[in-house]
Ligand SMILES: N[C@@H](CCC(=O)N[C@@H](CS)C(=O)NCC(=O)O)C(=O)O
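As a starting point, one isolated chain is supplied in structure tokens, in the form predicted on its own.
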Amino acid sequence: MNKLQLYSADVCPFAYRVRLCLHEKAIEHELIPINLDNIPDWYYELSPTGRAPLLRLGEHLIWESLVMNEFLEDAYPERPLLPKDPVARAHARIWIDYCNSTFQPSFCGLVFELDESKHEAIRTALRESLKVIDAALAESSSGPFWLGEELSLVDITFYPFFEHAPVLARYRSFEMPTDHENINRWLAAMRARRSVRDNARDADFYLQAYKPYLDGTIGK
């Protein structure tokens, strides 16, 4: 099989998902950084969407982070990140869908919505999503992760946004609640993973990366 290439951007939470999946599965790959502030012309010619991340395997291209991670699960099954049981597998996918359809749109909506009159409604939706997440994690009594003792694609799907949380605190007056004990337990387990330690960026990195877009200085 040809060596995988991942076109990635450090600041992108969707690319982070794929980097975590590759790391957890110990898949050999070449990491090709893409500067989202200055995307090269050749990348637009390569990528069907012009966005990162993008996986390349020989002549084959795969895009969209969730699809990419499902591909990696299918193509490299040695370290499974989804359960074999069909019902458990379906439930995992339900939570992955919840992240993409409910939690992530509220999180990113608060980050990038420039109309401040809409912020409070988005904050409310985000708080409700966090309550749902905390309750879901409470059901995982057998371990710190979404599905129990073993990390899965569900954890990988959600985690990158929590690492970006300082951006919300600095620029959108949204502090992550400290009383969600199950989320805090899960975050501690995630931050202890070698895959996260090797890929994590500190709060200052994200604050500086987002600053031109969120403090009104871009274009000035």
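If you're wondering where the values come from, they're calculated on a predicted model, not measured in any experiment. From 1 onward, residues are counted along the sequence shown.
Not on display, but discussed next: the form predicted together with the named molecule.
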item	value
Proximity of Phe14 to the named molecule in the model of the complex, heavy atoms at 4.5 Å	yes
Partner proximity in the model of the complex: Ile39 to the named molecule, non-hydrogen atom cutoff 4.5 Å	yes
Heavy atom of Ser65 within 4.5 Å of the named molecule in the model of the complex	yes
Contact flag, Arg193 vs the named molecule in the model of the complex, heavy atom cut 4.5 Å	no
Candidate stretches 23-31, 178-186, 48-56, 149-157, one within 4.5 Å of the named molecule in the model of the complex by heavy atom	48-56
